[in-house]
Every structure is written in C-alpha cells, then in structure tokens.
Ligand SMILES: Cc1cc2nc3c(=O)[nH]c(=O)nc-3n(C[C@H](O)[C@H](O)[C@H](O)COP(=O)(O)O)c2cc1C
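Given next, in structure tokens, is a single chain: the form predicted on its own.
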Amino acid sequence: MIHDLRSFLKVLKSNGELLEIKKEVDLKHEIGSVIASLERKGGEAAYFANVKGHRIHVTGGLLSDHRKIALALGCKVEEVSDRVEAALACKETIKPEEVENPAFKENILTGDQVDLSTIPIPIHAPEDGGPFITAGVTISRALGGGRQNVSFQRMHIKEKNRTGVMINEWRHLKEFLDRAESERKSLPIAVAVGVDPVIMMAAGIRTDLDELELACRLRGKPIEVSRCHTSDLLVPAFAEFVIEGEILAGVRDDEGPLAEFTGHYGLLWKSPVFQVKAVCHRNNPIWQTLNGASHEHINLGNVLSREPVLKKYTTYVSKNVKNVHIPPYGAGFLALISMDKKNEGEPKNAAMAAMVSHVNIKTVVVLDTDVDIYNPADVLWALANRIDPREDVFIIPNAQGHELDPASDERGVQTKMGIDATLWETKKDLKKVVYPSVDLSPYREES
C-alpha cells in the first residue's frame, strides 16, 4: 500500500514507470532537461542516484501522465477523474491520524545548521531565475487557529535560510497572510517535500476542506501526521523533508522568473519572503522536484482538480458523454470530450458546457468513443479526418478566459472555440482501423 514517496517509487519501478539514472547529473539545467526529455517521449519518471556535489538522491516527473496518476490512486487510467470526483463528493469523514516520533524528525537542523544549499534543489529551465522548491506542499493555518490549508507555492532560494514565495491572490494562504500582516505578525508555515502522491493531488485542488482530509479520502484511509518541530502545524509524518519557518510580515523581495504552466516564462515579482527556522528530514532522504511548465505541473494545478467538474457539467447536458480529459499538453486550455453521439446537436451543447465549467477552458474538441482521448495521435487523427470546418467549428467571442493565456487581453477576455470531431450522420458506418495490442517481449526473446 502506498503511504509515502518511497512506497510510491517502488510501485512505479515494479510497473516499469521509473528510470534509475546512475550517471552523474548537474543541478543546473541537466536534471530539468532529463525529466523534460522523458516526459516528451511519454516515458518514465526519473530517479537520480548520483547528483553532482550532493549525497542526497533526487526524483522527478512522478505524476507526469495519467498512467502514473492511476498507479498512485490504485485505479485504471479512465477512472482517475471519477476517483477524484468521488473523494470530493464523499460524505464520510476520514481525518488524518496524529502520531508520535514521525519519520521526518529523524534529523532536525536549526539555527546556524540550516543551509538550503546542502539540499539538491535544481535550477530547472534555462531561463529560470535560480533554484526553486517546486514539489513542496505548503501547510498553513490562520493565526488564532482554524482548519489547515495545503497548497503549492514555488519557493525561490535566496539565501541559506531564506526564499521568496509566490502566493496568488485567490489562495487561502494569501487570506491567512493578509490577516497576520494586518496585525503586523509573521505567519508560520511548513513545506513538506517527498510525500504520498495523493497529498500532492489534494494540494492542487482548491477546497474548503483541509486538503489533508481530502488526501485521506483519495487514499481511502487516515494519513499519518505529526506536529512540526517549531510550530503546532500538522504535517505528513513520512515526508522526506519538512522545512519550517514563517512568512515575514511586510517584507517583499524580487522572486522569479520561473517557467509557467502556459509554457512561457513568468515575470519578476515582488513576493513575500519565507524565513526558515528548521529543516527536518528522514535518514537518507530523497528530494522530490517538479519541472515548471511540465505535464506534471499542469496535471497537479489544472487537470486533476478540473476534470471532475468538466465531467459533471458535460454529462448534465448529455448523458451520452462517456469520458472527459484535460490533456496537460494543452496547458489546461484544451478539453477533450468522448461521446456516443445520438443527436447531431449534442457535441456543440457539450462543448459549450465545457467552456463554462472553468474559465481556463478555451478550446473544446468532442470526439467519438472509438478515439482514445488519452492518445494525442488519436486526437490529431480525428481532427484531420472528422472535421468539416464550415460546419463543425464554432467560436464564442468576448468570453472570459485566463489572463496568462497569450490569446487573452489583460483582463482575460478572449474568443473560445468548439470543434465537433464526431462522424457525420451520413458516414456513421465508417469504422476506424484498430489492430490488437500484442506483448512484444516474447518476440524480442526469440530474435
């Protein structure tokens, strides 16, 4: 059973989804480039056992596609969206379980012992502004108590015990910080790196639940947590690293740029500053990282949280919608709908429902069920074979989109597009050529 990063790595390895790299690699751009090259080929996650200048191993690309996500959830690829939706809709209370003597406290560094440069934190993309913590989940709570929040914040390493921290306006963490700064107080937080993958999935979903409780629902059992060394925040007991400290009241510094989910570099920001008080880690820890603008980045920030809503909206307008997908190669702006069409008007209705399911969705393609929506080659085949642009493409001008979409104006206003790539009624008997899949390993052994 998966309960931490290490058990998930074993599952990936046993399913041929982990590449162990023994060649020495450099933190500056090389690790990021290897992870990106594997992702482009639909390959394995990466495990770097020989990082130049460091004894700590590094891993990345662990949730770069639905195959790996399905392994993390213990389900089939086509069941991923339903599994997340079920966890969000679940009425059963499954809370984290507090334990003593957590694994992450096997080593505790404080004061002058704190030095983030001793951790193998990569500079990922060629024009990133420096090393960033990208796969850490930030645990926070408002001053005075209340429920905890778990979210993703990139952290730009500035000094041995200081980072910049990017906080979007709509984050719960921003609300907590605003309240603390109104009292001229700093806000304690903790950053957990190398955790059970369902915690990362939950951290990417905005919800009024404690995201650790949502992670328990995804895992189907309580997740073990423990108190931080320097605060009373509850963090995953089996995290590889827990970096503790506070966001300093009223302090802002340059942070960035970093590769964004749109596939472009972001700008330099004046962002809050995180002062590190303690670094706790397991014996022989593993550092987990995540490429900015990668499929993994988009899966966690856009896909897993939005596919259940997309399915809910589209199945409401047509019960013939069989599945939906927000492919990471579309930066969260593209939605694919698989439909067993019974009426010529259904695809357009479903496409319009998809556009209003989330502001980011700009282009929607509706496909027949014989097209694999998880296979880009299949989708492109349908776009080339099953579209009459005069009849099957429609646009909606002056719609609200995302401000970072290059096709939007500064307020996010854009034109959205729907594409009906289902077979026409007059040619519904056309049958797609499909060869059975064959396990090729016996053929390789004989040759």
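Everything quoted here is computed from the prediction, not taken from an experiment. Residue positions are given as counts along the sequence shown, with the first one as 1.
Below, we turn to the form predicted in complex with the named molecule, even though it does not appear here.
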| query | finding |
| --- | --- |
| Distance check, residue 341 to the named molecule in the predicted bound form, heavy atom within 4.5 Å | no |
| Close approach of residue 240 to the named molecule in the predicted bound form, 4.5 Å, heavy atom | no |
| 4.5 Å heavy atom contact, residue 234 and the named molecule in the predicted bound form | no |
| Touches the named molecule in the predicted bound form: residue 320 (any heavy atom, 4.5 Å) | no |
| The single option of 167, 279, 80, 218 touching the named molecule in the predicted bound form, heavy atom within 4.5 Å | 167 |
| Residue (of 158, 171, 348, 229) lying close to the named molecule in the predicted bound form, criterion heavy atoms within 4.5 Å | 171 |
| Within 4.5 Å of the named molecule in the predicted bound form, all of 149, 154 and 297 (non-hydrogen atom) | yes |
| The named molecule in the predicted bound form: contacting segment from 328-336, 116-124, 171-179, 365-373, heavy atom within 4.5 Å | 171-179 |
